[in-house]
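One chain comes next, on its own, written as structure tokens: the form predicted on its own.
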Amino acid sequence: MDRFDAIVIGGGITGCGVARDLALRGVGVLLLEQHDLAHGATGRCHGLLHSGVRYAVKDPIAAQECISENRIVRRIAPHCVELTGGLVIELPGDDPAYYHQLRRGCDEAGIEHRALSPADALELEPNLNPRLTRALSVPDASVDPFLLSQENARAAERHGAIIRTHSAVIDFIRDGAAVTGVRFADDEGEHEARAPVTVLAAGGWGMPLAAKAGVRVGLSLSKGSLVIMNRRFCDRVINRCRLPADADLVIPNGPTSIIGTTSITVASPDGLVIEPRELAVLLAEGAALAPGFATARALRSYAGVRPLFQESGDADGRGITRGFFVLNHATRDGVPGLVSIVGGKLTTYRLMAEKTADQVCELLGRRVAGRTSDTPLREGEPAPFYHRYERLARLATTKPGEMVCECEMVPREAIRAILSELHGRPDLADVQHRTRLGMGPCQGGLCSYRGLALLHDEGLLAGGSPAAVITRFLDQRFGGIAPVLWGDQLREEALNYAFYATLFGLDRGGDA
């Protein structure tokens, strides 16, 4: 049985941020994640580092938090952020009064913005709808949520934290009403860990976990579906000039574009299904922002859950604040030793972590100030962001067979560098999250078997079934591809199926 000062449940960006903040303050931390880092909402978001403009009219506190944290994340994690900038565009039929409300809201929240004429906006972004009537420039950016989570976890480990992925919490250990630890399970069996404070940072999984401690945490789970297109339509984040609604954001993501998102209340974060009507709305509204959407190729779709804090009522997901709340269950529910962090956004993760760590330190009787706002995620001079496609020039000097994934430019050395983080699990999805293997146009069709071979060469498949490893990965990728199987995407998937079924015999239960 291990003892810690604090246990953090949840390996999304918030949980990783809490672990880092506490570790920087000298608090002994154990982080437990049931799957891999960024498995939940973090890894299923649109990768937008909000300027706050989206909330400037209806949610001013969230807008202020976003612009403040936007600046901090740019400073402490420049290698995770592409400084795209953003545009807010007004189209025919949009309420012209909203434009003026938005500018007032930006002024009040401190969000830099500049009016652009339609001609100026189209000069910057020629693929925009030429019928746009007005535009604003804002400091939105694109962020890599997987890398940001991993870098927080790595920084936490450097300062003494223990990060355990694929470790699912089974129950809490109690001493009377107080929570004094957790029971969790991994591939090796069941374990116990004890700590005077446990933090629930489990997002949409927070409600059932809190119930195990006899606590009710009111969350409204709002499903958001998104589609990745095979073209980078714009170099800036594009926002529709209207109250937040379905499919009014286009975010550049490497060589692709992400259109999102929908808002549908669901009962659970598991087993999410993307409905045909959602796809229809996403593609139609995307074409309204950038007409090329109508003929572009959709690579995959995915969905995540926004765990919005709502103690009572039945407000629609769009109407619930994107603010966050730190819940001390000792004073709130009579359950000492348990703290929850709920609500919020990826953009405000650092602030959420800081306020949670403040509460934990208060419960531990430690007066140590947080340092995350001015401490770079990487030690030494922080690396600048550079697009992986700028590495194309290196291909001339790359030895044959060294590039495992051409779509995302992932060499063997990049995979070898993260093998120690797999904790002995031969899981290609974990490799994918850390290197972007299989995230490009082929969606793993032409690189997953190479990644499998590398795991074999490194001895990570000893005693395991290669066929089971690659089938699990391909099934996971297919789950996002299936809803957009038409045209070229359908033809490519048929080719991939023939390749793996015929050559590797996976349809016959053969071993790769």
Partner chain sequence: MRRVLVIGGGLAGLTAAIEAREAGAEVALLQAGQGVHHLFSGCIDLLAYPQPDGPAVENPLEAIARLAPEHPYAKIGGDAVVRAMVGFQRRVTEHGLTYLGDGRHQYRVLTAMGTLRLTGLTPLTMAVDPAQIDVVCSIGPYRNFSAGLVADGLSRLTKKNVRTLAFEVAQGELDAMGLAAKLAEPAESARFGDFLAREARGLTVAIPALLGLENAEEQKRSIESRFGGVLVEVPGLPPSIPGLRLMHALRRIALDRGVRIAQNVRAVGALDGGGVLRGVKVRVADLEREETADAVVLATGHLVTGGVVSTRGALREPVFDLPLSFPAGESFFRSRFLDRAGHPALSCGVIVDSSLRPLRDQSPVYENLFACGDILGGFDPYRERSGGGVALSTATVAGRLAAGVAR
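Computed from a predicted structure; not experimentally measured. Residue numbers count along the first chain shown, from 1.
Separately, the form predicted in complex with its partner chain exists; it is not shown, and the next lines address it.
Engineer: When you measure heavy atoms, are 406, 477 and 487 every one within 4.5 angstroms of its partner chain in the model of the complex?
Structural biologist: Contact check passed for all of 406, 477 and 487.
Engineer: In the model of the complex, which of 439-447, 41-49, 62-70, 28-36 comes within 4.5 Å of its partner chain (heavy atoms)?
Structural biologist: Of the options given, it is 439-447.
Engineer: Report whether the minimum heavy atom distance between residue 58 and its partner chain in the model of the complex is within 4.5 Å.
Structural biologist: Outside the cut-off, so no.
Engineer: Please determine whether residue 367 contacts its partner chain in the model of the complex, using a 4.5 Å cut-off between heavy atoms.
Structural biologist: Taking the distances in the model of the complex, the answer for residue 367 is no, it never comes within 4.5 Å of its partner chain.
Engineer: Since only the chain is shown here, I'm wondering whether residue 401 would be in contact with its partner chain in the model of the complex (any heavy atom pair within 4.5 Å).
Structural biologist: Taking the distances in the model of the complex, the answer for residue 401 is yes, it comes within 4.5 Å of its partner chain.
Engineer: Taking heavy atoms and a 4.5 Å cut-off, does residue 507 contact its partner chain in the model of the complex?
Structural biologist: Yes, residue 507 lies within 4.5 Å of its partner chain in the model of the complex.
Engineer: Can you name the residues of 479-501 that have a non-hydrogen atom within 4.5 angstroms of its partner chain in the model of the complex?
Structural biologist: The stretch touches the partner through 482, 485, 486, 487, 490, 491, 493, 494, 495, 496, 497, 498, 499, 500, 501.
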